[in-house]
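The chain below stands alone and is given as structure tokens, in the form predicted alone.
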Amino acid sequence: MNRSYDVIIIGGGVNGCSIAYYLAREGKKVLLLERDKLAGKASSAAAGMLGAQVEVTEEGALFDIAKESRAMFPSLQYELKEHSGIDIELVQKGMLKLALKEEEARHLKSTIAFQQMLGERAEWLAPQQVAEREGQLSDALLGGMDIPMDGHVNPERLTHAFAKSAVNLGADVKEYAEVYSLIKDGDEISGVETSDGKFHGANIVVATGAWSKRLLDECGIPLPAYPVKGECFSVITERPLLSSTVFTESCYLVPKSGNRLVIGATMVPDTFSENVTVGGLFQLMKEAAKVLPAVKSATFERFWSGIRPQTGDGLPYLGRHLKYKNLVIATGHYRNGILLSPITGKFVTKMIQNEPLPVYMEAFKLNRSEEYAKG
């Protein structure tokens, strides 16, 4: 069994698998380790939204990286289909971000103005225009932001497409291989201690989502981050109720194939419990019915939750460790993990190959926080 690699990636979620794919595409000898099954946590719990404009409402590095990553999906779907045979089910029918209050309407109009100034497509729709676009929505809406470029994918299929493509390009992927610790050797991490023994790597990437902090803390490497649980549910309708994804301040509704609607998500910080509560589901059902009254007649399908990694300033950590130069950390994507997965794989590969990165990547460096600096 091979025990030595160019890169060892810890974490088999969408970002770990994307990193494995882009590295394998460059001919790197890659090992990906996942303690459970691939896409077993947040990556399969996500709705798969590519909400570069709906989620990020302020100018800055996060908006820049989100737009760049979203632009990768149209060609990526064909790349991954060629390498893996898996269709990631990319849907590009736009999103509607709706206003139910005057304050929300003012904020959306302000968001539209700044996004248009940056050259993005966004438009305010009056209530009648919203009704013409989506006839089943509530007539109590005050209008909405039309975002034609945002879309969605099947997050579980995307994760498996990255992983299978990586394997077909020569990467090794081990499920049910838990990493117990990082092996320190002076100013380097020389490998990992796992339930399947030791593996050695010239570069180590930690991409374990909300569990990254726990692993790094055990190794004496502080990372300011915390888990946020998101509860979701899905329903089946007799006929399609929506063509576009609908987003409000309280919930989102994502139309999937087979007349299925995914509705989410609550935000419960500082917990690793994956229990789904009656209160959480009740809140989502109430908010969804305000926006789409016909959902009350839908057939309930199932419920689930996912644990998402959030950071103190809301920006992901993407960069090399200052002390352990061969250690790269890629976590903290929060609600944008699916959206940012292609660019994460691409930029981590550039880091490992010592290639230049965009200036905006400075915003995601690890030493931007005092807690990290103390480590």
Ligand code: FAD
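The numbering used is simple: start at 1 and walk along the sequence shown. If you're wondering where the values come from, they're calculated on a predicted model, not measured in any experiment.
FYI, the form predicted in complex with the ligand isn't displayed, but the following is about it.
- Put simply, N154 is far from the ligand in the predicted complex: not one heavy atom of it is within 4.5 Å.
- By the criterion of a heavy atom within 4.5 Å, D36 is counted among the residues contacting the ligand in the predicted complex.
- Under a 4.5 angstroms non-hydrogen atom cutoff, the ligand in the predicted complex has G209 among its neighbouring residues.
- In the predicted complex, the ligand lies farther than 4.5 Å from every heavy atom of F199.
- L215 is the sole member of L215, A163, M145, L76 with a non-hydrogen atom within 4.5 Å of the ligand in the predicted complex.
- The stretch in contact with the ligand in the predicted complex, judged by heavy atoms within 4.5 Å, is 200-208, chosen from 200-208, 80-88, 119-127, 290-298.
- Although the partner is absent from the chain shown here, none of S190, H321 and E362 has a heavy atom within 4.5 Å of the ligand in the predicted complex.
- With contact defined as any non-hydrogen atom lying within 4.5 angstroms of the ligand in the predicted complex, the contacting residues in 312-337 are H333, Y334, R335, N336, G337, given in sequence order.
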